[in-house]
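One chain comes next, on its own, written out as structure tokens in the form predicted alone.
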Amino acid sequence: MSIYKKFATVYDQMDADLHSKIMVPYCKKIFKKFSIKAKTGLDLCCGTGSAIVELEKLGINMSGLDQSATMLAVAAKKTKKLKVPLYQKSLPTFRLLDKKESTKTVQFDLVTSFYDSLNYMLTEKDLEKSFEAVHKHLNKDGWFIFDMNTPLALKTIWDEQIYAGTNSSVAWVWKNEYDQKEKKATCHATFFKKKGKLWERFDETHHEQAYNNTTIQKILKSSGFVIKGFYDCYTFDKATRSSYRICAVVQKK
């Protein structure tokens, strides 16, 4: 089963969009630190659009991109009054074309990607292609801000861990494992969605690849970015091997 299909229908009910909402106030601090004054933005792997709504409140004319049609359907309802352009595209390679000039690539002042979406790029080559695609969609001196899980996070939080939760409309069980040699984590997710007096079960399997800080920075530089900040996420402390999540703030050359 493709991921983020039925999951999209319960995503917000599980508060799975909370991280994206938390990242926007953090980004606001980043904007201030680096004097970023973006007028247009693209949220990469935007999911249900929660970050888009919050970034719009900061005065940025946002767009969203996601591979999941069902995620985008939820995002479309959430952003209806904002008239946000939404694109169904998949990483690593994507190209957004201007509606008025069909051969012209749409460019933005800012691209964001939250909640370790880029960990879904399972090879260094695919991660590089993703960075290159972002680079092509940025205006001159445009900014790219994203977070990723680290090897330590996937080893500690995922490996042989089981997480479960429930509320009035959905229940879930996540069984995780981590291949330390390959630095690859797997999450076997089972969901139960309430339908009338019954519960519908569905399952998804998610994979995330961990990259060390040096590798991410090397690929960013080779993709045409200048690294302005590489932080222990939510702070302005330098990311280390002890970080669970990094946040990169980079600028197009």
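Being a predicted model, the structure only gives us computed values, none of them experimental. Residue indices: 1-based, along the sequence shown.
One more form of this protein exists, namely the form predicted in complex with a small molecule; it is left out here, but the text below deals with it.
**Student:** With the partner absent here, would Met71, Lys89 and Ser117 each sit within 4.5 Å of the small molecule in the predicted bound form, counting heavy atoms only?
**Tutor:** Each of the three qualifies.
**Student:** Among the candidate residues Thr190, Thr40, Gln67, Thr215, which is the single one with a non-hydrogen atom no more than 4.5 Å from the small molecule in the predicted bound form?
**Tutor:** If I apply the 4.5 Å criterion carefully, the residue I get is Gln67.
**Student:** Please tell me which of Ala185, Cys46, Met62, Cys27 lies within 4.5 Å of the small molecule in the predicted bound form, judged by heavy atoms.
**Tutor:** Among Ala185, Cys46, Met62, Cys27, a heavy atom within 4.5 Å of the small molecule in the predicted bound form occurs only for Cys46.
**Student:** Can any non-hydrogen atom of Tyr11 be found within 4.5 angstroms of the small molecule in the predicted bound form?
**Tutor:** Yes.
**Student:** Does any part of Val84 reach within 4.5 Å of the small molecule in the predicted bound form? Heavy atoms only, please.
**Tutor:** So Val84 does not count as contacting the small molecule.
**Student:** When the contact criterion is heavy atoms within 4.5 Å, does Met121 count as touching the small molecule in the predicted bound form?
**Tutor:** So Met121 counts as contacting the small molecule.
**Student:** With the small molecule left out here, work out from 46-54, 192-200, 31-39, 215-223 which stretch has heavy atoms within 4.5 Å of it in the predicted bound form.
**Tutor:** After filtering at 4.5 Å, what remains is 46-54.
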